[in-house]
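Single chain ahead, written as structure tokens, the form predicted alone.
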């Protein structure tokens, strides 16, 4: 057994992946990388199987120092990249640097590394194009949304995914991209979670799309299976729960109010400004109108992944 390096390791997703990898004995040791000082995250990794490293991934020199000092001395063989800015209300160059340029630079440095052989990226179902004329079942070849005027939150996620996919053709690394369904947990950048945190959920009048949501244990297990599998490529990671938006609102015990869709953008903008919430209707407009469910058969066939836990 070897060592893995996980970026974004102090988030709920990163913590769950680290624990799952150790529990499944995929790796003997984990290098957990985050932006927080070590004294702030000491309680997150009490086991001796995890070494925490603070690093600012937006600086190329910090990335190089990370990979060619501690990662080299620990003989890291696999990098699992989950670091991403979670706030949808923020943007700009520094956010882009973390979301996109760090992915580009990390891939480049991993290709030069003496021991790293595998790169696994956490990508997102939200990058798929959802329109009335598109299929409702999305396989891994479904178009990525590259529309003009796309908000940075979506554009950065699509660009990081495409950078990694493009590298598959020329890189000596085994590269795996896991396009994960949305995980309804706090502090993970979930737009749906923030939407459901409101006691009143506004829904487009006349529309009730189907949604698929993923549990945190299933998400972590998918990464464990991907890290241990000889298969590589692009895989949709689906959740056990597929249900209409109205049913999701009901399960969370929220009041559902259908309104004309033209009102929802301004109302949710006002909510974010007055309450400091993160949900943006412009990021979710198409999937709140049209059903879009990922096809998870490829992950089931090649990674032997099938969802086993309800998301709520």
Partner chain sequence: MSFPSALFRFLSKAFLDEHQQDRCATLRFADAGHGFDVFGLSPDWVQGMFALFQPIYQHYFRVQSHGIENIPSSGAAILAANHSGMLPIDGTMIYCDVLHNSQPARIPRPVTDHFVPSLPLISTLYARCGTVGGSRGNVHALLSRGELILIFPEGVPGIAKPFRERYQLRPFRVGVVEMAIRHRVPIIPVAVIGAEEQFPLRMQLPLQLFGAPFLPVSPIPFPLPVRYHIHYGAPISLYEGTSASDADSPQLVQQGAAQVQRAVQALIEHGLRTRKGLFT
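Numbering follows the first chain given and starts at 1. These numbers come from a predicted model, not from an experiment.
From this point on, the text means the form predicted in complex with its partner chain, which you will not see here.
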**Fill in**
Assert contact residue (its partner chain, in the model of the complex, non-hydrogen atom within 4.5 Å, options 210, 95, 144, 196) equals 210
**Sole residue of 151, 172, 135, 114 within 4.5 Å of its partner chain in the model of the complex, by heavy atom** = 135
**Message:** Can you tell me if residue 205 lies within 4.5 angstroms of its partner chain in the model of the complex, counting non-hydrogen atoms only?
**Reply:** yes
**Request:** Look up in the model of the complex whether residue 243 has a non-hydrogen atom within 4.5 angstroms of its partner chain, and give yes or no.
**Result:** yes
**Request:** Give a yes/no on whether residue 297 approaches its partner chain to within 4.5 Å in the model of the complex, heavy atoms considered.
**Result:** yes
**Message:** Would you classify residue 293 as touching its partner chain in the model of the complex, given a 4.5 Å non-hydrogen atom cut-off?
**Reply:** yes
**Stretch from 84-92, 185-193, 172-180, 127-135 whose residues place a heavy atom within 4.5 Å of its partner chain in the model of the complex** = 127-135
**Asked** Considering only 298-312, what residues come within 4.5 Å of its partner chain in the model of the complex, judged by heavy atoms?
**Response** 312
